[in-house]
Ligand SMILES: Cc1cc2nc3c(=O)[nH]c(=O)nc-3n(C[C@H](O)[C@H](O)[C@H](O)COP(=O)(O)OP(=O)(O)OC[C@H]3O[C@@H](n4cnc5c(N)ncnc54)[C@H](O)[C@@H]3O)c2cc1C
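Given next, in structure tokens, is a single chain: the form predicted alone.
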């Protein structure tokens, strides 16, 4: 066994067999548990803490993240922001002092974009979202074991034995998992034990933070600014709100600041001796490190274990990790359920690691962080906000037609049905009800077409394959609006078709109807779904 602890405790003799063990029960681990359980796999989550951190980190969730939560049925429990909402940042002498120099996350863009999603995103603190995820994951059959830590693991041909310990009782027992998701944070013991290296800008700063309430400061938010770079001769800090009555002040971990009275630092940043209730303090590292690979055998890295990035206005931190698990969950489910060969799991690293690296480059090339990274990323192409959120390209053998000549990101309108990108959102009608095109893609591969000849081809191909698969005909099963026709939206002719994966990624398309349509479609399905030999 690969050991991460040598403490002696009571050891049970039985070994428990489970399909997926998720190590780390924060945002990413809980999302993984929910996505897997919703797909019919009952994972076990272990988390060494017994509750959410009293000092939440993530506070913003993107449209894409809310699309995932919409799919699994919890979006209505998460209050979404009004359309067009964006985070605004200024330089300021203090919250109540002079403001100047508002800056955009992406220079030249104000953050607004066309309505390309059925969701608007959410401004919700991590410790408010995690209980929602726990409840939903458990309701779908996931087992959450809080106060339990990993001690050791090893990889065998038929699974991953993991020794875990209940921190309250000190009892140790062994779990044999078919697969493991390591969502155990930036200092991941699993990643380090596996010897997976990381690259990036590395360590930049160590910061301290103070979480507090200040009702007298809240009315300032009516001006529309939520983030403040505080610039005083003896205080350089960052002040922002969680939008729920809590504020956080961040500053360098220096001797001078450590020695200062926390209330005094907060009052200087506020510019007024308002009444303040201190809630928590924290210490964290600003760094950029991306794992060189996200998979080692039966173990998969997700979240900060795979990509350590600082909080950004683009939502590149926790949202990237949640996106990891949405990509991985359907693949694990299909392999465990016998639909696909284990080769399908190779596509997780192939698709997600380049996106992690892209988000690293985009983070440290933007003005918010460029000053800390020096000239390392000077001249890096900056992709539009909408492109980075809704238009990233996925490349692997499970995507047919995503060539190396294509950019790593573009707006959904520019892609127009390009394989490797998220299927475009359009409000459509089905049986008299309004729904998003994204609502069509959940558990199966879906062939979307306006030509009835594909229906016969799909029936022939489906009979020969073990894959969950269905055809949806535009014009009969669903109706697109006249001003957003299907063929224009997906880049096909009236005889064309597109194949969309369960994660909403376009896997293949045929611009026209080929002579040997059934054979062409069967080949595409076998490739995309990694059918067993």
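Positions refer to the first chain, counted from 1. Computed from a predicted structure; not experimentally measured.
The same protein has a further form, the form predicted together with the ligand, not shown here; the description that follows concerns it.
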Each of 47, 57 and 149 having a non-hydrogen atom within 4.5 Å of the ligand in the model of the complex: is that the case here?
yes
Flag residue 126 as yes or no: does it have a non-hydrogen atom within 4.5 angstroms of any non-hydrogen atom of the ligand in the model of the complex?
yes
Does residue 288 reach the ligand in the model of the complex if we count a contact as any heavy atom within 4.5 Å?
no
Flag residue 262 as yes or no: does it have a non-hydrogen atom within 4.5 angstroms of any non-hydrogen atom of the ligand in the model of the complex?
no
Would residue 20 count as a contact of the ligand in the model of the complex, using a 4.5 angstroms cut-off between non-hydrogen atoms?
no
Within 4.5 Å of the ligand in the model of the complex, counting heavy atoms only, one of 183 to 191, 170 to 178, 452 to 460, 342 to 350 shows up; tell me which.
183 to 191
Candidate from 357, 257, 99, 284 lying within 4.5 Å of the ligand in the model of the complex - any heavy atom
284
The single option of 408, 311, 118, 159 touching the ligand in the model of the complex, heavy atom within 4.5 Å:
311
At a 4.5 angstroms cut-off on non-hydrogen atoms, which residues of 496 to 519 are near the ligand in the model of the complex? List them in order.
none
